Structures are given as structure tokens and as C-alpha cells.
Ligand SMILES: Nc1nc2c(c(=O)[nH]1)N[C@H]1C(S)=C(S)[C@@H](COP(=O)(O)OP(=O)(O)OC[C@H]3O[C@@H](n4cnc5c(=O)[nH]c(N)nc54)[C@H](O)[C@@H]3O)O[C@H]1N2
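The chain below stands alone, shown as C-alpha cells; this is the form predicted alone.
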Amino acid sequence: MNNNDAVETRITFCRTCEATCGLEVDVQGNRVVDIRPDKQHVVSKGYSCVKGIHFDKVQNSPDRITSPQKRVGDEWHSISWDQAIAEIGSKIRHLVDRHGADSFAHLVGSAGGANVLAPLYRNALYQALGSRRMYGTGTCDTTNKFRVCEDMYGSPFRLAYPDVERTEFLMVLGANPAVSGNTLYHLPGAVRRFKAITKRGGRVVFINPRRIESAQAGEHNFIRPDTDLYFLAAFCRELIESGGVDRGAIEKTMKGFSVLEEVVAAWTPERQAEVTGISADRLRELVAAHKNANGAALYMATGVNQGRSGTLCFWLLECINAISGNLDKPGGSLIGEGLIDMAKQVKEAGTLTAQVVREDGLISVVGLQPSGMLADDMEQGRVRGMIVEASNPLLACSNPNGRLDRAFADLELLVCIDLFRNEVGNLAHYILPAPTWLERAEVPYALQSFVGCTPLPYMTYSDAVVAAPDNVRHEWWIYSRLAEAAGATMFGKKWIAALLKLNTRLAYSSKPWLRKLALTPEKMLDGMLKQGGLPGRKKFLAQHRHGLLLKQNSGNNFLGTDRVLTGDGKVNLAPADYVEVFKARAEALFADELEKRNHFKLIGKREIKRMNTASANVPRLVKDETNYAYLAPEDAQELGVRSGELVDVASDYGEISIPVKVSDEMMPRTVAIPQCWGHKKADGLSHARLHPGVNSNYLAGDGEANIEALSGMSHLSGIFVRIKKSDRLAVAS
């Protein structure tokens, strides 16, 4: 970079999470020098969290991988793309020919969700190979929601969202939007928008085992971890008993109400109080407030999803939204419309619908098999090779006492597509460098762009802010080249494969005039915008660089229409599988909760300066050497520990030692440990290695016994643990 280069400000949007906040980026000589919130953005209006505005430290990190890497023994060597593609492609073909297509697997992390084009080519490669062995960290946090939407509304991508702009009553379970944004819908500046609800006379209620940061925008209620099933069942029952249901809408547009009514009949407010800690009177008061509101919505996220009954909880929550007359109603829960009808396309294609494709009968949801089966599948030889894209599963997935580390180390072929050599990258045979989100053109997440999960519908488009390093390649290019090298015909047609081969050569040609002939991401996204009836990319950038507000979702556009994709056009309130599982498990789990009501339970904790493992290597964001176990004062006193002293936390699956922080934010008999720490072996992440922390997922079980069968979700929250003061010395004061 020449210091005499002029600084140019470019407008883009963050892709750290679904909030996709608008940003201003200062660029000097193709280097990002500053990032600020975009005050003119049509929705975020000058809001951005610290992770977005400090992404320049990720972008410019000296640890970044900028050329293909091959591991030879314990040493890493830079190699050419031609060598990397040829060797990997040959090994893929060898695995598939010798052990079958499903022996070669894929795992994608949450960062992959921000990349609209990569999934098209990723899925095309694996379909061409014939492999169905696709995993994702979605089975750690969200696949229960996709399963419920498919069974209730007809497609996994008929996702409802709360109408935050007009609701009078919003209840949030197991989510902390002030810190981590929102899961599966777009809501930048969540606290400001929640406070707006209370300012206009409404209520915002948070149900959580920890008094979370979001509670500043409303009221908080403690709940015992992983007992939300009983709270929601009692809430549903009380709503029915008190006349809070819209029987006209139920009769015309829904089915299965009598079965739902029977399922929840036994769960009185008094009974749920025995395990949840929420009194019967409090539950009845919340139901009355919900019933009397002109527009009410319930929303839940990761903290509930990760429990033993995440699918059943979300089913009951969606049933409450529906039977109360608040589904498809302004101020209630709405179903958006995107640039294309992705939900309908997925339904018709059938490839991402829930299905059993595994030998053990566990389900695949939105194309993802359970990440909690990774170690089993590798140890038993079902998986012998894998591509890991934008993920760090050793920290993100259940990994009892490091079992997953050992399984990954034994793979015949492990390829990582990433920005850095992280913990799983250390075990890889090859690392292939991809662009950051500042280096690629993009429209927002598919769930916003193509499903319409946003209370303020809008669209934006951004060109790449800076050019990627010369030896970095886009994911679409990597998958296209690997297919060619492995002898796989992408998209099932030889003529398309031939065009892809030509396009990969044109896109990175040394001759500028040839590069102009390539079908680039910019051209692909231009077509998507035009297909959705919006201006093409050049006009969009010229006229709407801060985003374009779209028509407000007025509701009353889903129920009773052909957008309900269930076959008979009615919302299914009682999917048979859910009813069967509820009847089989609810009483047994309730008895278990009663028996262990004095046991500690482990939950995760989101941190404002960390996004899973992605921010771990940023010095401005991560200054503590470790994460902490957060305990209520009375529990700390009973254990005889003070802040900074070590405790040993043990489950049936593993044990860790970790320092304590005593906090009155915690519900008694609950311990919160931030996840995705544990960077002791991260020698490719120089800062993270000096601030390693402890991997709490060593305490989570894996294998079939620890997977929720309805969704393939791992049990990562509400885990029973034992805690004692450690014999080791305190590490901080």
C-alpha cells in the first residue's frame, strides 16, 4: 500500500450474522483501514455491533491463509492451485470408487450461510458424486425449526418471524438478541426496536435461565434450563382453557386442533411450575396479557433449540402463535415473501426436505445429517474423507473429552476451505483459501433474500469492497474445479460441466478481456435481483447503495392461500411424529427433572465480542485469557469459591477445569459457560492461542443417545453437571 493512495469510502453490509447491518468501509490501496456503521442504511440506521466494525482485524490478519496449503508430516507448504485441485480430486475419486460416494462427506459452518452462491455449487458437487453425507453446525442450533416448518406449513423454508414493528406482546425464550442478533430472521438494533414496543405501551418478556443483556428492553423471568417444554405446554393449555384461541381460523385453515388439545391437557400451570421455576400465577398472567394484546408473538432460539426437546418446544410455540389467531396477522407472526419463492422450490425439488438417508435411521433435515454422529461415522468407517467449509467443528460440535479431535485426525482425506488454519485445519491434509465477505459481491442471507424473514422488508446489494489476494479463490470456483478433477458431472449435464470448466479458466485468466467474459458472482447476483423484479446490480448500486425498502408485509397473505404447502392447504397442528414422541417422552423427562431438581445444569452464554470461533483471533475483541463458568452467588458460596477460583465441572461425558465468575444474573443451580473456546492447539491463530480458554463441548455427549431424533439436533444445553472447587490454584482475582 502506498501511503499517498487516497482513502475511498465504500458502502457494504456486514455478514457476521443475520442482522446484516449497513457499513461504511474506508479503503486505501486495496486495504481496509476503517469500518463504521452506515447511518443511512434503510434498516440498521447506524447500528452495528463491535464484531462487524472490527472485521478489518480479520481481513488484515497476518495469520490469514492466502495460498493453498498442503501438510507434509507436521510441516505446511504452499502449493499451486493446479497441484491442490489435481491431488484432492484424485483422492476424492479414489475414496468414492473404493468405499462408495457416502464415504466422502462435507461439513459447513454458520459462516457458510452468509454466502448465497456457494451452496449451489457445493450441493452440485456432492450430488454429482452421489454423496448424501452432508453435515452442518445447523444441527447444533437450528434444524429443529426447519423440521417443524416443513411439517406444519409444508416446507422447511416457510419460516415465520415476529412482527416486531407492530406487536403489542413479544415473548422471547432462549435468545439474547442484544448480544448475538437473531436466529433465522433479520433484526439489526434489536434492543432499540424492543424498547420501541414498550414505549408504545406493549410488553417484551424474556424467559431465560440467565438475566440476559436483552432484558434491559423488557422484563425477565428465570426458567430452569431445558424445561421450556412444560412451560409451553401449560401456556398452550391455559390459552385454550381461557378462551384465547381463534376457533374460526382454526376450523377454516388448520387441522389437528383436537389432538393438540389432548396432548397439552395434563400440563397445568401448577404442574409445570414444579420443574420450570415459573409460578402458576405468573404463567396465567402472561397468558392473559398475550390474549388481550392486539398482536402477540412468541419467539425462541438457540438456548431452547439445543435442549432435549427442541423440536417439540418449537412445535408448541408455533401452535400457540397459530391457534391464538396471531399467525398471519399484523403484530403477530408473519410469513414473508422473498425475491424468489425458495420454500416452494425446495418443496418441489425434495432434496432438502426431511428424510432418512442414514444407515441408523436418523433423519436428515435441510440436507444436513446430525453433527453429533460425526465421530461415530468416522470411527466406524462410514466417513473416510471430508471437506470442512467455514467451520471449526472441534469447538462448535459435541466433542466428549476430545473424541472428535481423534476421529478427524484419522481421516484419509481432510480438506478445509477457510480463512485461517484453525484447530480442525491443523489436522487437515489441505487448506484452501477463500475470500472474506468484504472480498465478494453479495445480497443478504438466503433466508432474508429468498424467504423474506425480516420485519422491515428490504433488499441490498454490495460489490466486493476490496479485491481478494491473488491466490485466493471463490468457493464456486473451488467446487467446480474439484468436480472436474474428480470426474464428476455437476448439474447432471455434460454441456453444463463443459461451460463450468471454461468459466473457471476465464474467471481467473491473466488477460483482463477474458475475465470480462466469465460468468462472475456479480453477474449471477445481477440475474437474481432482476428475477425478483428489482433493479440490476449497477442500477442498484447507483440508486440504492444504502438499501431499498420493500413493501411492508401486511399479513393475511398466508393462511387459506396456496402458500401453505401441506397438500391440503391447512396448517398441521398435530404432526403424528411429534404427538407420538411427546406422549412417549414428556412424562419420563418430567420425572427426570423432578428427581434431579437440585442438580446443576449447564447452558451456553453468548458474548458480544465473539461470534462462535470467528472472532477468537482479534486482539481488540478478545483480551481475557479464558472463558469463565458463571454461577449464582448462593451456589458459589455453597461450593466455597470466589470469582477467579477454579472449579471442576464434570458431566457423564467429560470434565473440565475453569475459573468462576460469580453473578447475580444467574438462576441458582445453573452454570453458564461461553462456547467455542479451547484454542490451546491453535498455532495457526497466534492471538487465540494466547487466550485459549476451555472447550465446554467436552461436557456434551455425542452419538445417537444424545441426539434429538426428530431434528438431528445435538443436546448442547441443559446438560446435567457436577461442580466442585478445584484443587488447582486460582488464576485470577
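One rule holds for the numbers: they count along the sequence shown, beginning at 1. Bear in mind the structure is a predicted one, so any value in this text is a computation, not a measurement.
Unshown form predicted together with the named molecule; subsequent notes refer to it.
Among S324, T137, T276, S103, the residue placing a heavy atom within 4.5 Å of the named molecule in the predicted bound form is T137. Just one of A233, M152, A390, V164 comes within 4.5 Å of the named molecule in the predicted bound form, counting any heavy atom, and that one is A390. For the candidate spot formed by V179, A396 and E475, every residue has a non-hydrogen atom within 4.5 angstroms of the named molecule in the predicted bound form. In the predicted bound form, the named molecule stays beyond 4.5 Å of every heavy atom belonging to G372. Looking at G109, you'd find a heavy atom of it within 4.5 angstroms of the named molecule in the predicted bound form. In the predicted bound form, the named molecule lies farther than 4.5 Å from every heavy atom of G547.
Remark: Y628 does not count among the residues lining the named molecule in the predicted bound form, judged by a heavy atom distance of 4.5 Å or less. The stretch among 296-304, 257-265, 347-355, 327-335 whose residues place heavy atoms within 4.5 Å of the named molecule in the predicted bound form is 296-304.
The partner is not shown here, but in the predicted bound form the stretch 606-644 reaches within 4.5 angstroms of the named molecule through a heavy atom at R606, E607, I608, R610, M611, N612, T613, A614.
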